[in-house]
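Read on for two forms of one protein chain; each stands alone as structure tokens, with the labels structure 1 and structure 2.
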Structure 1
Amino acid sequence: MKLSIFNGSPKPGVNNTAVLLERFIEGFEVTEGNKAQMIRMNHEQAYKEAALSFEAAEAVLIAFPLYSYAMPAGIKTFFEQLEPLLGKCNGKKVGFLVQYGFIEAVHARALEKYLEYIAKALDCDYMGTIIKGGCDGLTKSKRGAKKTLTGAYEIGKKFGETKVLDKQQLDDYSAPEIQKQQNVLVMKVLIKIINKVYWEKSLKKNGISVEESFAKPYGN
């Protein structure tokens, strides 16, 4: 199978989407004859060109970070380029990968419904959406994200073999849906640690105190 993978991270350089995709592709290409082609799109012209690649592709995976509980504006620009293809994709296989900072899967569930809807409106064969939270630091520390990366590899591998995204496998990968009540205390402690060692440290590196980080330049 030839799979065209669109990476729509708006970031100019290294990005978490790419780190995850790398492992997915590794798994996907384990099966002989499988080949993934990466298409980077993060500016106006690239969205236009990507629409042409989309039209020509046999099977497609559209990957991007969650931005405000939905796709980034750039991915929406790309979708708008696809408008002439509404109802005309003849069952082209399309799947999505959405990764983001928050840990729980619930943040991307409403978007997932939309992605399914728009894929079907294009008359694509909707394969599913790989949803993975807790991905904010992937480019910084691959060691701390071993499970996340191995999971992407496993999903890619199984997809490479079967040519379908396994719903159960995706759900296991996305878990937890939300935090269970009995985990709330643990999570609160974890969040305190993230704020301290991740965010406060990044601020400090830029010479910004916690107090300064709460600046209100435009109002109350």
Structure 2
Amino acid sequence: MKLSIFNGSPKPGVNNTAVLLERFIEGFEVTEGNKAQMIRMNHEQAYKEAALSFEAAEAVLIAFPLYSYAMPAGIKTFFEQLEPLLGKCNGKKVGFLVQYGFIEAVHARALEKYLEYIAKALDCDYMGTIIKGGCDGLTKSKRGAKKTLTGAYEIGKKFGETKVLDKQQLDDYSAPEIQKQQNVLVMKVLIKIINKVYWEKSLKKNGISVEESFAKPYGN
């Protein structure tokens, strides 16, 4: 099977999305005859070229980080480039991979439905969406993310064998769906500490007061 993988992370160089994809590809290519082609998308011309690659591809995996419960602007641009293909991609297999820093899978569920809609609008066979939270720092410490990376490898391996993204495997990988109550309390404390130690320091470094950060210039 030939798989075209589109990495839509806007970050230059190594990024969390790429780290996950590396392990997915390792698992996918364990099966003899499987070959993955990585296509990088992080500037305007790349989106146009990627649209041509998408049209010619047999099977596609589109990967990117979650931004504001949706997607990077570049991925939206890429989807716009696919408009001429609406309803014309019968038989093409399409899946997605979405990674982000929050732990809970619920943050990406609305986007998951939209991605399925996009696939169906193109008349593609929607394979599913790999969702994984807690991916901040993958580029810095792969050892600390062993479970996350092993999971990506296993999903790639099974997909390589069956040509299907197994829904149960994806659900297990994306867990937890929501945080347990005790974890919510811990997160509230951590957020206060992060806001105090990191964000306030960053604001002051850039000459912005904490009060100014709450400004609502378009409010009533």
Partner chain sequence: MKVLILNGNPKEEYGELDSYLKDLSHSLESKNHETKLIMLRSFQFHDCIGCYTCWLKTPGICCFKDGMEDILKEYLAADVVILASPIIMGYISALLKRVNDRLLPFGHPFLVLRENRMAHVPRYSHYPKTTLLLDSNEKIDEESFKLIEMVYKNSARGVTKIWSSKQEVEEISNEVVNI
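Computed from a predicted model, the values in this text were never measured in an experiment. When a residue number appears, read it as a position in the sequence of structure 1, where counting begins at 1. Only the largest set of C-alpha atoms that superpose within 1.5 Å between the two forms is called the rigid core.
Each of the two structures shows the same chain on its own, and it is structure 1 that derives from the form predicted together with the partner chain. Core-superposed comparison between structures 1 and 2: CA of K11 displaced by less than 2 Å.
When the rigid core is fitted, I208 shows a C-alpha shift of 12.1 Å between structures 1 and 2.
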